[in-house]
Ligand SMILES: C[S@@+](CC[C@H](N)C(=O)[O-])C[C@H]1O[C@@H](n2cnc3c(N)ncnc32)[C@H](O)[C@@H]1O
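Listed next as structure tokens is one chain, alone, in the form predicted on its own.
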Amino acid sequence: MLRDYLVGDQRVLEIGSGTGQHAVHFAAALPRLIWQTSDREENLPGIRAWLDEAALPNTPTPWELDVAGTWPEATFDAVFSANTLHIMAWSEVQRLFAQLPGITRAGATLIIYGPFNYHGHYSSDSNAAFDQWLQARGAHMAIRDAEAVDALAASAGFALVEDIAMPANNRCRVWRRIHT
């Protein structure tokens, strides 16, 4: 699916790279992309281990990035994030979207993978159970409403291009930056 939206030679920032396994998989499958990993400090050693083992030429050293903190002074053609919005506090989700205009060029692609609610309703019983599990772990965690995320994207100058059903009741939502 990423091949359809990440076309040409592009610099991609992955926000919340976790272990680094997604970066290695995608960078190997799409060698024309420069895949910049990022995450909070405590996750960087695991990301480095994955990147070092893969030794791919298109995966630079991971960056420390806490969405609530200081953001890089760089420009990207695309931003990707998987399974992060439901882990972050809503204020952090808002901060993520507010920072996007400063790190993306006009026409940039934003791709977010994970579970979403629609019109305040769960898309499946398993997502309802998952949301209860999340909130038991931390009151700040929750499956986000697609419409609220779309509003944040719009305020950052991004328009929804596609909303793709994925396995396990997840979605891959794609936006394009339409305002400079």
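Residues carry their position along the shown sequence, with the first being 1. None of these values were measured; they are calculated from a predicted model.
The next section is about a form of this same protein that is not shown, the form predicted together with the ligand.
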Using 4.5 Å between non-hydrogen atoms, is I87 touching the ligand in the predicted complex?
yes
Decide whether D131 counts as a contact residue for the ligand in the predicted complex under a heavy atom distance cut-off of 4.5 Å.
no
Taking any heavy atom pair closer than or equal to 4.5 Å as contact, tell me whether G157 reaches the ligand in the predicted complex.
no
L152, heavy atom within 4.5 angstroms of the ligand in the predicted complex:
no
With a 4.5 Å heavy atom cut-off to the ligand in the predicted complex, the contacting stretch among 117-125, 36-44, 143-151, 52-60 is 36-44
